[in-house]
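In structure tokens, the next block holds one chain alone, the form predicted alone.
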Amino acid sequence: MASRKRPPSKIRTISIEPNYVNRDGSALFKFGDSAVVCSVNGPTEVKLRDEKVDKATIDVIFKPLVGLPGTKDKTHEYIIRSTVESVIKSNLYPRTLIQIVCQVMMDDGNILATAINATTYALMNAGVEMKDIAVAVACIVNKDGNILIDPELREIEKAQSYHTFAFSKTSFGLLFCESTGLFTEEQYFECYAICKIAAQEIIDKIRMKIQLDLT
């Protein structure tokens, strides 16, 4: 297996392209060779059976790189929906639908975090009111016990454990965590701390991109 070409605590190059699908309400987010495009439609009319009288209905569709969505993709839909529901001011859009569609364009690991970040930027691009924003990053503990941030697919396949964290921008509170594999409590909290630091880098990149787009 080829050796890692960057330090363990360094994330891959981040690229953000707003208006990737629509003029408003879409974004492409990339960690290196992992890319997800997200489009947001709404607030728009919602079917009566899905209507909520006091807030918007959030619907997420996650499409894999190839083939039809499977169980893992349905899990991604649930995670993305629950994460963004905690930051969208959905009470401002009662009896409406906000539909989020995530399409994997390239998969070299860290896809769930990539999708959450793409969704965050697409929601902002769509002008959806939010009380906070969510950013996500993943890491692994490899078989030597070392923590590698923003792992590539080949690293994930050899990992002892894999962790994805989503944080809020304002308080850096934990919005979501998914951990799989074998790990100690000490390793978990070390992964949490390292990913929290990396999340700030993602927030800074998003802020710089917004400022650049406004100039």
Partner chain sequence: MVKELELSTNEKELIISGLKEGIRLDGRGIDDFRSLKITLGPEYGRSEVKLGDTKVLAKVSCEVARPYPDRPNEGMLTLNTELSPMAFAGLEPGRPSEEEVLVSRILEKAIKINRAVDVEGLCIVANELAWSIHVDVHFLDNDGNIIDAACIAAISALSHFRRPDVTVIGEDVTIHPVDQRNPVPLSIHHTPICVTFAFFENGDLWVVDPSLKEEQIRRGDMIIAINNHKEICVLSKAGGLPLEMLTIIQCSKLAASKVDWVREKIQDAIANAAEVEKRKTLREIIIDD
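Since the structure is predicted, the reported quantities are computational estimates derived from the model, not experimental observations. Numbering follows the first chain given and starts at 1.
What comes next is about the form predicted in complex with its partner chain, which does not appear here.
Of the residues I194, V21, I14, I203, just one reaches its partner chain in the predicted complex with a heavy atom at 4.5 Å or closer; this is V21. Note on contacts: among E190, E51, D33, E155, the single residue with a heavy atom within 4.5 Å of its partner chain in the predicted complex is D33. A residue is said to contact a partner when one of its heavy atoms sits within 4.5 Å of a partner heavy atom; K63 meets this definition for its partner chain in the predicted complex. Proximity of E45 to its partner chain in the predicted complex: non-hydrogen atoms within 4.5 Å are present. Within 4.5 Å of some heavy atom of its partner chain in the predicted complex lies at least one heavy atom of V37. Taking the partner from elsewhere, Q103 is found to have a heavy atom lying within 4.5 Å of its partner chain in the predicted complex. Annotation: in the predicted complex, residues K5, P69 and L97 each come within 4.5 Å of its partner chain through at least one heavy atom.
Only one of 118-126, 105-113, 88-96, 133-141 lies within 4.5 Å of its partner chain in the predicted complex by heavy atoms, and it is 105-113. Counting a residue when any of its non-hydrogen atoms is within 4.5 Å of its partner chain in the predicted complex, there are no hits in 131-151.
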